[in-house]
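Structure 1 and structure 2 below are the same protein chain in two forms, each given by itself as structure tokens.
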Structure 1
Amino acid sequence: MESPIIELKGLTKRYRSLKAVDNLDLTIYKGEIFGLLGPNGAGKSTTILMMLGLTEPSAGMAVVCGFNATKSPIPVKKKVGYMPDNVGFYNNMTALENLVYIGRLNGIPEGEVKERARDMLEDVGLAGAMNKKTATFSRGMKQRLGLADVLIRQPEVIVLDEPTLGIDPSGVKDFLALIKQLSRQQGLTVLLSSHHLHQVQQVCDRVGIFVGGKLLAEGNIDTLAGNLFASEPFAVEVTVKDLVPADLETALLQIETIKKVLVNDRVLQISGSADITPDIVRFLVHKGVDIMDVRRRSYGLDEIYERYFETNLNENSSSEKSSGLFQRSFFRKRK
């Protein structure tokens, strides 16, 4: 990650009174896998369209591979490969025929287009299916072919908009591993837009949390967690044999470094400013509590997203809160 390859400066898009994207500043570096994370309707796709020069910003600018995407959309399109959430192919043609046709449309010389198409199909794991008609392809196979479609032009940047929709869990894991492998091998910069937290966390070097057209935060998981949970960086989860006694939560909070205690049936989640796991265990044993399991808990993207989302809700009006709570509920269901 040496130099910026995508720079968004004050990028804004208004549709009458609605701000779909609100004063977005973001820098993505060469060779980086960046996850744009947020619920449906957050403004992710609108941001991508402005980056590709497919819609004009109301204010600000998007610079991609050194070109202003609004003023010079053609050079940007030559440098960037875009894969939407639903890729279409000619069902009566084979995977190889589809890819050769796409290669020709993109100006690849006739003498090398077939060889490059075969190479791309091998790279995405479709070498054994290159002569099969795409009508027989599963959703996961079509997404792999879509990735080959993007890569055949040898772009510097690839933009993937919800690329794992409709793929089974095993296929998602393989697809994300493929993206990471190709990025590392070819030095590709990848912008991945998604509302699936665990998928973004699996593959991305950095993430940007995008809600209501605003970028609430960006960074790697450790940085975001450190910023949010600085007052309670240590957390431990204790599972006990029987239901947690009613007075135990209050008793634990009397320990100086413990800041928060959450009780869920037989599970205690304890967080604080220092790692005092041995002290907690001794305290519980002294209280006659039978301990079944103790484990350090690390903050993941779901906790980080939840905290930023709650902060954003608190800063908005009551009507915006209602909308946000709906999005939050929807987001949880789709994880």
Structure 2
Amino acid sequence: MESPIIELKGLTKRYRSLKAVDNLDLTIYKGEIFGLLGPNGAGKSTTILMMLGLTEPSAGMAVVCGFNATKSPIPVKKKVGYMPDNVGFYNNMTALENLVYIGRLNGIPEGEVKERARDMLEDVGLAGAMNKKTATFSRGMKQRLGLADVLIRQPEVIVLDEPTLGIDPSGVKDFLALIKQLSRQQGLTVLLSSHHLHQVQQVCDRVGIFVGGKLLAEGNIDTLAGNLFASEPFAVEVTVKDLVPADLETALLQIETIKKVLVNDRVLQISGSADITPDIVRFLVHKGVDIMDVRRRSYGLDEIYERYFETNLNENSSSEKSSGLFQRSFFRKRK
């Protein structure tokens, strides 16, 4: 593939006994959109902070645009635009003043900086609020201003920490479309962290699932689903009219490709190694069962996420001795 632009090697961050980020290896290539997914407190923000040299890793290193982010953060910061979650602005200054200040800090010449800030504000849809103090801004407006703030420096890499938080649904759609367009047109590399799976699913080329400081899996969504549900990749959900007869379950399991049948009141969840939805329907009709609804399940990010999150919960609740076992299974998954 293309040249790597962000390389994390054995990155670890400890806060006393807590390991926020645990021996993380990750490579992000130029021009791709990478989604860092995980629940709150998984270590996403910490990883991003280490990439920008805002906090020091306990071990390992982060190389961004060819520079070690811990030892030479300034060249990294010149090329990376970072939008923190909960972005803050100087409340006593207007949006334009805030943006001009950042522009000046980035060495944009005095003659251009105002004009460019004004253009940028128009582009993110804040033209009307340009001369309002940012104290009066809503969360969504701040987020837009934050985006303008990142883009005014013309970065090569954009890092967005929970960028869609606090924007209304249509805003999110526009926002993500914009990010995707930027990445494609200008060859921008985008790293965004989120716990909103659907949003990330829309735009990301690759995602990394991040739980408890560990990257559990990375890849595009299809491969992730393939890895996870390798044993039973196909599932059908059938709703029937009357209560399911007891012998139906065993009868279903007689079919060769069906691996698992779950009966839940009037709902049958059938999973197997091949897509045999028509066969199942035919079989049920033969048995005289009244079918109300048949739904083929496809695995989206939701299922993937849930599945990984479940394993992690199991790991936490199990005793320390078995954690080695889980680690081994996690390594197997990542291949």
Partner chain sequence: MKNPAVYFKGLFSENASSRSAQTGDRPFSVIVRKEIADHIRSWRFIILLAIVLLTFLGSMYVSLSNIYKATTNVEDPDRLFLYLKLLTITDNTLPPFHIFVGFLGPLLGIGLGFDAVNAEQNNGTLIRLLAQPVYRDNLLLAKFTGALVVISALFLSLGLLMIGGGLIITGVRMEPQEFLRILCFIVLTIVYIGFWLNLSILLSVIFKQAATSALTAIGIWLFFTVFYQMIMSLVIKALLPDPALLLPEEVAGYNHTIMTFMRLVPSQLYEDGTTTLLMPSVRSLGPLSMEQMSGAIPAPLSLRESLLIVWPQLCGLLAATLLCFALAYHRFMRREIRN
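Numbering for residues begins at 1 and runs along the sequence of structure 1. Source: prediction; values computed, not measured. Take the two forms, find the largest set of C-alpha atoms that superpose within 1.5 Å, and that set is the rigid core.
Engineer: Report the structure number, 1 or 2, for the form predicted together with its partner chain.
Structural biologist: The form predicted together with its partner chain is shown as structure 2.
Engineer: Taking the rigid core as the frame, does Ala246 move its C-alpha by 2 Å or more between the two structures?
Structural biologist: The answer is yes, as the C-alpha of Ala246 shifts between the two structures by 2 Å or more after core alignment.
Engineer: Can we say the CA of Ser58 moves by at least 2 Å between the two structures when the core is superposed?
Structural biologist: Shift of 2 Å or more: no.
Engineer: My question is whether Leu121 is one of the residues whose C-alpha shifts by 2 Å or more between the two structures, given a fit on the rigid core.
Structural biologist: Comparing the forms between the two structures, which are aligned on their rigid core, Leu121 does shift its C-alpha by 2 Å or more.
Engineer: Once you lay the two forms on top of each other by their rigid core, how far has the C-alpha of Asn86 moved between the two structures, in Å?
Structural biologist: Superposing on the rigid core gives a C-alpha shift of 2.8 Å for Asn86.
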